[in-house]
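As a starting point, one isolated chain is supplied in structure tokens, in the form predicted alone.
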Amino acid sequence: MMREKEERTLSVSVEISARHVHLCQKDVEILFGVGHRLANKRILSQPGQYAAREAVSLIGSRGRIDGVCVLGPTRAETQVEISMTDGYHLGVDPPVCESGNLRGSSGITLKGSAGTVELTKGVICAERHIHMLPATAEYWGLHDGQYVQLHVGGVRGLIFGQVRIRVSPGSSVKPVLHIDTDEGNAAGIVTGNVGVVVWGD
């Protein structure tokens, strides 16, 4: 049972997740050279995650975007996360889905400093989500995969619906909402703003 909103307010830090790429090691070596390992440039809020020094170009049927950040560490499958506006510019139609769910996703070409990878799938528009620890989820009566609403104030403030709860022991101590650049711009949000979960009646 969710804790009553009158009892306490669940505040969530907001982060804008700009376009980025997760690579499998095989694709790392095709794009940047045999034996290449991603170099840590900047630690991210989620423990163990980092922005790498490496960047790639995204090449679609209609356009190209250069200098797209690669995030580490490597994954089992390569995944490209873009906004719907990016998709229009590139000429791809990414489904809105949970990160890691690549069924029915779009393909694209990746270009690195040493080579090119032709993806037949892997391009998605990640659904907005809140990362939290199991203890936090248990305290608030929430569970992994559940959807909530979250209010962000300000001049262009709004309530985001269909915000997925993602529970993991590897999450940051404080709950963090990840939205893409389109969503952030629509509400006038910058990284560091705070949202509040809107409890049901």
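Note that residue numbering follows the sequence shown and begins at 1. These figures come from a predicted structure and were not determined experimentally.
Missing here is the form predicted in complex with another copy of the chain; even so, the following discussion is about that form.
- Heavy atoms of no residue among Asp66, Val117 and Leu119 are located within 4.5 Å of another copy of the chain in the model of the complex.
- Screening 148-156, 51-59, 29-37, 165-173 for residues having heavy atoms within 4.5 Å of another copy of the chain in the model of the complex returns a single hit, 148-156.
- Just one of Gly141, Gly161, Pro47, Pro134 comes within 4.5 Å of another copy of the chain in the model of the complex, counting any heavy atom, and that one is Gly161.
- When you look in the model of the complex, the only residue of Gln25, Thr9, Thr191, Asn185 with a non-hydrogen atom within 4.5 Å of another copy of the chain is Asn185.
- Among heavy atoms of Ser113, none comes within 4.5 Å of another copy of the chain in the model of the complex.
- Within 4.5 Å of some heavy atom of another copy of the chain in the model of the complex lies at least one heavy atom of Cys125.
- Thr85 belongs to the set of residues with a heavy atom inside 4.5 Å of another copy of the chain in the model of the complex.
- Residue Val96 is the sole member of 92-109 found to place a heavy atom within 4.5 Å of another copy of the chain in the model of the complex.
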